[in-house]
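Taking the form predicted alone, here's one chain by itself in structure tokens.
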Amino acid sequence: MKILVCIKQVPDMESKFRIDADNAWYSEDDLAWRMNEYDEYAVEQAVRLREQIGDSADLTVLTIGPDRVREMMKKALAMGCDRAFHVKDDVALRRDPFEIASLITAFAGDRGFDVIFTGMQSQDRGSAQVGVLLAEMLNIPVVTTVVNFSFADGVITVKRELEGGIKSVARMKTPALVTCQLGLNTPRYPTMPNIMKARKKEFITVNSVDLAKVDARLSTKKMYFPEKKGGLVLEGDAGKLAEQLLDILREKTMVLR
């Protein structure tokens, strides 16, 4: 069985964000970087499937980004992936979901992967589109927001999260793609022996321009922080507060007119 897991490097959400000079995206200066949290669940599930299948399974981890993503990929190798494929692209964070899915398709299209894992969405862009676009381009079935995964006799069985806490069950034969939701599993911490082993694993880097030429379908015209507005705090007796609130609503809104 051939397994592919796609991961993305994103800023740590505790970082201090600033808008870049073009007002089109956030500035990458002074940010801390980490593996997208949803993708950690995808890596863990891919490794578990590889362990279940045994020696006949082969697990590749892929990412698109500048040189700094190599450290993140080493973590995925230490978690249990067999090899890493790095599509070097210094403007990956600015690429729209169609471009990213197209680049992955250019890599995966003729390699015959049986199961592909992605995170449900990225923490920075949050489009939740790359996984489904990739499945469409590869012409394979896809199930999104997976919170439980099992594989037996060539059939994938998953539970997926719906609105209101409801879950549905889906089954599909391979090849197939699943996008992983938070809580699917508990991602493992790489042990020191596995970190050392990861250094000897295959690590391939290609330039995105050599893999495929893709045109963007979306563009960002302007990015800005929400306008800060002050609030009004009312204090005092509940009865008087109610009268104050009614007066404010009559004066400043059309609600009670």
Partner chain sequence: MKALLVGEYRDGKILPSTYELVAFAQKIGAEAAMVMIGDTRTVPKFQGQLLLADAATYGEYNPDAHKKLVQEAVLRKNPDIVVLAHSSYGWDLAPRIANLLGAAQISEVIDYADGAFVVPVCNAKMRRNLKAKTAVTVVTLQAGAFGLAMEPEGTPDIEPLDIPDRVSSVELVSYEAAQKAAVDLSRADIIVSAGRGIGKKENVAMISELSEAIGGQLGASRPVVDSDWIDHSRQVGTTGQTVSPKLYIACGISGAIQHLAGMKKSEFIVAINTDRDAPISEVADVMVLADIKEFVPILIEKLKAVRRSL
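The structure displayed is predicted, hence computed values, not measured ones. Between two forms, the rigid core is defined as the largest C-alpha subset superposing within 1.5 Å. Positions refer to the first chain, counted from 1.
What comes next is about the form predicted in complex with the partner chain, which does not appear here.
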Please determine whether each residue of E14, M120 and R171 possesses a non-hydrogen atom within 4.5 angstroms of the partner chain in the predicted complex. yes
Stretch in contact in the predicted complex with the partner chain, which is absent here, among 70-78, 108-116, 83-91, 157-165 (heavy atoms within 4.5 Å): 157-165
Can you tell me whether R199 touches the partner chain? I mean in the predicted complex, with a 4.5 angstroms heavy atom cut-off. no
Classify T205 as contacting or not contacting the partner chain in the predicted complex by the rule of any non-hydrogen atom within 4.5 angstroms, answering yes or no. no
G54 within 4.5 Å of the partner chain in the predicted complex, heavy atoms: no
Please tell me whether any heavy atom belonging to T220 falls inside 4.5 Å of a heavy atom of the partner chain, as the geometry stands in the predicted complex. yes
In the predicted complex, residues of 220-252 near the partner chain [heavy atom within 4.5 Å]: T220, K221, K222, M223, Y224, F225, P226, E227, K228, K229, G230, G231, L232, V233, L234, E235, A238, G239, L241, A242, E243, L245, L246, I248, L249, R250, K252
Using the rigid core as the reference frame, would you say K240 shifts its C-alpha by 2 Å or more between the shown form and the other one? yes
